[in-house]
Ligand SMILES: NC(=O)c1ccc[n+]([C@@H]2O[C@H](COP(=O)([O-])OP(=O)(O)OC[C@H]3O[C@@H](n4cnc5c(N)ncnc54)[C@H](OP(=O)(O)O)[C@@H]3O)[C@@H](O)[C@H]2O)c1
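Form predicted on its own, single chain, as structure tokens, below.
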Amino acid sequence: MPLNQQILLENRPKGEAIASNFKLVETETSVLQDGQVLVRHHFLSLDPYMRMRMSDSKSYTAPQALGQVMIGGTAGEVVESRSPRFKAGDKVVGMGGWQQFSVVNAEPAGALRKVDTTHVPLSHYLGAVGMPGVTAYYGLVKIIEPKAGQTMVVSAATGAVGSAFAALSKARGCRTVGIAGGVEKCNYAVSELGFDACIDYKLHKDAASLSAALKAVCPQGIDGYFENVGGMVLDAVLPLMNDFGRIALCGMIAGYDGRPMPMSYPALILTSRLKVEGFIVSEHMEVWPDALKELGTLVANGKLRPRETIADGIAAAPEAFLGLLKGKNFGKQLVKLI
């Protein structure tokens, strides 16, 4: 069995996450038992939710255990199988973690998912046609429930979730506006992702200024908002929400380092009779088949052209992750492991 490089959570962050929170080790891969498969990971997904798991504060799931391999989605190839459900050469997606290889129990069904790379590149199954894409789908379709002609807004617009949100929203006939950081990202949002407009939050020192810029491109107000950031961005959006607007709350990356994020205008939720719903996409597996089918079709037809930032090698994962938390990535952040 091959030697396996892994990244463990060595200690918990105090404030911002830092590189010394992680530790790179090399271990022997365990021998396969009946019902198990050995997967060689080609790509590792880095996602903001991992920062929450690094802390031991109250959350929707148990914290990442110290001294254990960091949790994370992976896409790769079956190298060896002792399960009738998989054979060597199958391309698969799972939660293999921050390591080069994983030994996976093929049962229960769902621990590994076979994927077809004929029309969709393997890496996209960790982004547009994976968890981030389904996240965008659930928030838009099941919570916001868009109608043609309405105005939709999403923060972190050029990331894996935001880019999928744009394609799904435009497919439903909605005016779609993004919020992103930097001129290059905003230009990409409009020219490549199909946003009707994109606001660069870095040009605005406070919520009032950002809100004014949003109002200029959302003259009919905002009917649906997909929240990935929180903080100043949420404060800028709330005054523009139309009565009975819907907010899908997926991420609050502005507060992932443990700082409190007070809301400036919580009364607007009441006066505008807003629906605000937080969700965790893994709790809604019933939507995954329909979501993945639509997202795969959008990618295959060229209507969703996701961008990726790729770090090279398992040792690069911690710095790439820290960069993701600061918005240094452009599109989906991945680590290439082969």
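One rule holds for the numbers: they count along the sequence shown, beginning at 1. Just so you know, these numbers come straight off a predicted model, no measurement behind them.
Keep in mind that the form predicted in complex with the named molecule is missing from the display, and what follows is about it.
Among 239-247, 70-78, 90-98, 223-231, mark the stretch whose residues have heavy atoms within 4.5 Å of the named molecule in the predicted complex. Heavy-atom contact with the partner occurs in 223-231.
Can you tell me if C174 lies within 4.5 angstroms of the named molecule in the predicted complex, counting non-hydrogen atoms only? No, C174 sits far enough from the named molecule in the predicted complex that none of its heavy atoms falls within 4.5 Å.
Using a 4.5 angstroms cut-off on non-hydrogen atoms, would A320 count as touching the named molecule in the predicted complex? Although the named molecule is absent here, A320 would stay clear of it in the predicted complex, with no heavy atoms inside 4.5 Å.
Please tell me whether any heavy atom belonging to P306 falls inside 4.5 Å of a heavy atom of the named molecule, as the geometry stands in the predicted complex. Flag for P306 set to no.
Residue-level contact is defined here as any heavy atom of the residue lying within 4.5 Å of the named molecule in the predicted complex; does V161 satisfy this criterion? Result yes; V161 sits at the interface with the named molecule in the predicted complex.
Among the candidates M285, I280, A300, V31, the residue which, in the predicted complex, approaches the named molecule to within 4.5 Å (heavy atoms): By the 4.5 Å criterion, the partner-contacting residue is I280.
Sort through I253, A167, L214, V104 and report the residue having a heavy atom within 4.5 Å of the named molecule in the predicted complex. Of the listed residues, the single hit is I253.
4.5 Å heavy atom contact with the named molecule in the predicted complex for all of A180, L325 and N329: All three within 4.5 Å in the predicted complex.
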